[in-house]
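Both blocks below hold the same protein chain, though in two forms, and each is given as structure tokens: structure 1 and structure 2.
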Structure 1
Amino acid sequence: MKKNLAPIARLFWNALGIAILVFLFGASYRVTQIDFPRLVRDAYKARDFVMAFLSPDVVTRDVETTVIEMNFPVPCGSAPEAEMPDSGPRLVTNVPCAEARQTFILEGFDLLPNSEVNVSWLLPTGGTLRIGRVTTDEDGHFLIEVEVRPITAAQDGVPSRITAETLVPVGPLKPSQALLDVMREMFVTIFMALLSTTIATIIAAPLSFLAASNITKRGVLGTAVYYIARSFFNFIRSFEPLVMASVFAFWLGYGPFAGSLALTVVTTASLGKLFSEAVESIDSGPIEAIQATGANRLQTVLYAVVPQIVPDFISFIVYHWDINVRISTIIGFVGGGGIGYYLNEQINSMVGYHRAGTAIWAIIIVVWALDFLSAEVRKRLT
């Protein structure tokens, strides 16, 4: 009889497990407001961002500007009208002057072909008013409709002027400001990771012995120390560096220092735990053997303990450096400095998407390279 019940019991448990899972997923589905149609429908909203990401701002060329100008009295008669030449680079309007709120047509002739032209008003007060940006055709011609604003009125017989600035890229390509900024921030980011990993190692290496059961767990005091050290590591480790960094940035002000400090704290706990596991896994045989040769304590540690743990330690350190570079790239989002800060700024400014693209590319390249490097180093070590 009993034998026959076993499959039924198993079925029951399996069914219960599946029911719980289904319930959990159902609940999660609602809590997380899953809405795939929206994802599809609104995917176009990411177009600007993705396009900018695909055309990052990495190079510029020096720009040479040539300017041509003409007087344009508003309203008519307030100032002498401009003469319109019929050759050479020139601006031509369909009316010689205009009243406020009228529109007229502005044309440019014999400018540089296929180049960008910034057209604007130069006001008598010295200010400028943008009209627009146009591109000339292959004959160096452009045409634009202009609406006259009252602010362009002439003052004391001095008329506003229309200027056309032709921007011509000249000279070789050179790294853009964004690229230089990104490289600098990337350096900061890598150093943040390097510094915090180093300091964390220096603190964690001795502390890890306290959390190693084979070293510490002796007697009441030792056991207490062991559990305290262990829980301390686990507690700190449960916070993402970003969570820590947000508090540290609130305390220390925004910047890489706050980020590094937060990263150091979390890495210390994380390395402490890994180190203590490495220490726990050491083989006591060699220790015995070295003791039997008449070596003193320090010699025993150096010849029997250290060789056993150093490769593991180094591999954990390299691994964490790799992780920390990843985290440093985003720790700036909560005020921790480095490239994340730059990225956040650029994303929040409406015009910064191309620069954000540069930063993201830099992150991808650096993370990729370090991932590879750290994997290679760790492969060599074991």
Structure 2
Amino acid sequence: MKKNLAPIARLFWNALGIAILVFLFGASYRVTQIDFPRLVRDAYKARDFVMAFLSPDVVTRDVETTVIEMNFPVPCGSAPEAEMPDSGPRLVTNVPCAEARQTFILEGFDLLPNSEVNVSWLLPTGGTLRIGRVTTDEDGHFLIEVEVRPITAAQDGVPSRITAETLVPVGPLKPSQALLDVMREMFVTIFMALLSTTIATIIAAPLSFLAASNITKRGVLGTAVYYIARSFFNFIRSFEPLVMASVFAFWLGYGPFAGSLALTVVTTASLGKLFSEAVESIDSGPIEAIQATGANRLQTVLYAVVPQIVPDFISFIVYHWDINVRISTIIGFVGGGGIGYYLNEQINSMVGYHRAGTAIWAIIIVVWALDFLSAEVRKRLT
């Protein structure tokens, strides 16, 4: 009878397991608000960033600027109106003056062809208000619609002026300022990862022997030390790098120092666990041979354990340096310094997408290079 019920019970438990999985996946789908149609429908919102990513700010040229201006009273009658020239480089409006919140057409004639032009208000107070950037056609002409802001109102009979600054590239191509900034911050990130990995190695290497059961877990005292060391590594590993970076950033202020300390703490725990597991996996034969000669515990570690673990230790160190470069990029978003902080600044500025694209490409290239380097080192050591 029991044999006849066994297939039914197995079928029931399988069906129950499948039902639970379906329920969990359904709940996950609702909780995470998955909406694949929206992913396609709102793709246009990422267009500017994607285009900036595909055209990073890498090279530039020196520019010469030429500026032409014209008076434009706001409101009408508050200051003398400008005379509209009919030849030469000039600005022309469809109305000689305007009221606040009114729009008018501004045109430029006989400017340099196919050139970028920055159009701005020069306020009576001496400040500037950006109108926009346009590009002239082959005839040196541009047209833009301008909305009059109340801040452009004349003061004591002095009107605001409309300025058009033409930018003309000259000279050979050279690295852009964005590229130089990205290279500087990328080196900061690499050195942050290198320094934190080095300090973490110095701390984790000796502690890892205390967390290795085949070395320490002997007697009451040794067992206590073993569990304390293991608990220390597990406790520290429970903190994410972002959390540690936030803590040190509030403590010490934003910058590479806070990021390096956060990486050091996290890396110490991670390397300590890896090192201890490497020590536990060594061949016991050399240990027994050394101990048979009457060697003490320190001599056993130096002559039987260390030679076996050096290749693994070096492999873990190089691999963690690679990992820390990637993590450094992320902790920069919470004030940890380096390329991540630079990237966060450019994205939040809403106008630095091309510079952000430069930073992203630099991160990709460096991470790829370090991944290749660490893989080669680990391959030669194993």
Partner chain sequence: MKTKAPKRPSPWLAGALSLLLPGLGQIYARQRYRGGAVLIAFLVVLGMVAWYGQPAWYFAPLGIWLWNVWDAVGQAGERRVSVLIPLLLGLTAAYSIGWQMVRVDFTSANWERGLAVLRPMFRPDLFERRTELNRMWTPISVPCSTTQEAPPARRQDGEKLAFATPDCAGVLETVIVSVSGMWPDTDTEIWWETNIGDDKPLGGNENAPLIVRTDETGSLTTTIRVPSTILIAQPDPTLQLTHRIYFDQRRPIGGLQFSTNGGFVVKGMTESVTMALMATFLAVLLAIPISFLAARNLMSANPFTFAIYVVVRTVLNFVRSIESLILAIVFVIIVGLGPFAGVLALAVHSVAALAKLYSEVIEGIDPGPIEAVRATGANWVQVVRYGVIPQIVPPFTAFTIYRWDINVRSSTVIGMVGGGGIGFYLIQWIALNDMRAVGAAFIAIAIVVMTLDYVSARIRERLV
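Because the structure is a prediction, the values reported are computed rather than measured. For numbering, take structure 1's sequence and count from 1. In this text, the rigid core denotes the largest set of C-alpha atoms whose superposition between the two forms falls within 1.5 Å.
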So which is the form predicted together with the partner chain here, 1 or 2?
-> 1
At the hinge between the two rigid parts, which of V170, D139, D283, V220 do we find when the chain moves between the two structures?
-> V170
Look at the chain as two rigid parts and give the angle between the two structures through which the smaller one rotates, in °.
-> 16
Following alignment on the rigid core, what Cα displacement (Å) is computed for Q155 between the two structures?
-> 9.2
